[in-house]
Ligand SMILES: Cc1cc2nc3c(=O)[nH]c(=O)nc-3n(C[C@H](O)[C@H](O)[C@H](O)COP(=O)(O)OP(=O)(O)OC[C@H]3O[C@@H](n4cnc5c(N)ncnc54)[C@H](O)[C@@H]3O)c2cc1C
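Quick heads-up: it's one chain on its own, the form predicted alone, in structure tokens.
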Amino acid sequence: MKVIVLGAGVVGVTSAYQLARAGHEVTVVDRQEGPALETSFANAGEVSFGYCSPWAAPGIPLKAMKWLFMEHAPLILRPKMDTAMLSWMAQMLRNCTSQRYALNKSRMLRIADYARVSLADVRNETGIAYDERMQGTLQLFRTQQQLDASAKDVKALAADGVPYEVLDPEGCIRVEPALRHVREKIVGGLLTPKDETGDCFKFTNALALKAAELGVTFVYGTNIKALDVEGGTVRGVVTDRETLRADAVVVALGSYSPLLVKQFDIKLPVYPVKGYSLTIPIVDASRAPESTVMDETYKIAITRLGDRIRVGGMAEISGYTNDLGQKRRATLEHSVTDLFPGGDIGKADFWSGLRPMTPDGTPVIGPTKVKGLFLNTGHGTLGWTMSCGSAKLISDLVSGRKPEIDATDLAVSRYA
């Protein structure tokens, strides 16, 4: 079949790679001049198969109220008269129950565990390098209350068979030796040892080259204007250059996916939640992380990427804005210098990206009511983590094959 993939971020490129391996004639269309130049460009760098939780959780509404008044807040809300924003927030609040949290986390862990195996397969097939490390994620708790609250995550990890280890301060230092300098600031941690790290931008660009070797055509610098649908079946994609014909279309446009499909009354509750990052050159490796440390207080990930530290986090709900607020930079700097002052902050690169979030945390992967039109979007902060598993799923679904894991509750129809 002729398949068009819309979007050349990590989700789009991995999808194209798997579709090409399945024998399809694949074209990728993106408005940028190359792969991974938007949300996949400078994300936190963590590949968190175990540290994988919905943002909608019991107690989050109360925490959110407190965060709004913190100097270094993990959540920033800039409300607008935007029906999509208000609807998304209302749906997210409805998911902040114990029952829905358990269901959503289980779905997310199912995809993430599949993605862990799928990423290893891609790495073995291609031999690509992307500053990868396989040393786990350490969720770091500064207070006893945070440590106690992690019990619900431990329960979910145990139920899904995901390896984990609850650590005291000395255990945290064993995993991340640089923490010995700030031992008095930590009370414990939760280690998910199967997690990885890596530069998403490097990975996506390297895989795009491998996909091109398989025959994938990349059409860059091209604006997508509309989907061409006749009689309830997708026929192709209208761009600002030409109309491209296809037997199937995969929408992997992140936060912009709902804007494209809404004309067909497909209610896709994906909304942009802006995140920020700093990329800092390391000058003292003994004061830098070995893998990823998630600073639970500020919800900020501090990751080792080769000779750099990537610091990423925060959730700003402000619509489709991509400005760089200096207050957000101050929060990133505060977290990393407080724990790992081994980088040259003065030479840091500051960046922001729009994460495509669903109100239940689970991505939307699967068919739509338009025949031949598929979605692979809504991964939130876990696009890099889930990309390879999502790509295999969407390839199987487009090809008419039964996926290796259950995908029936991942499609947009779950919101009906």
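Residue numbers run from 1 along the displayed sequence. Just so it is clear, the structure is predicted and the values come from calculations on it, not from any experiment.
This next part talks about the form predicted in complex with the ligand, which is not shown.
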property	result
Single option in Leu253, Ile300, Val250, Leu140 placed near the ligand in the predicted complex, where near means a heavy atom within 4.5 Å	Leu253
Candidate spot Lys105, Pro363 and Asp406, all three touching the ligand in the predicted complex (heavy atom, 4.5 Å)	no
4.5 angstroms heavy atom contact with the ligand in the predicted complex for Tyr276	yes
Interface membership of Gly389, the ligand in the predicted complex, 4.5 Å heavy atom rule	no
Contact label in the predicted complex: Leu382 to the ligand, heavy atom within 4.5 Å	yes
4.5 angstroms heavy atom contact with the ligand in the predicted complex for Gly50	no
Partner contacts in the predicted complex for 285-317 (non-hydrogen atom within 4.5 angstroms of the ligand)	Gly313
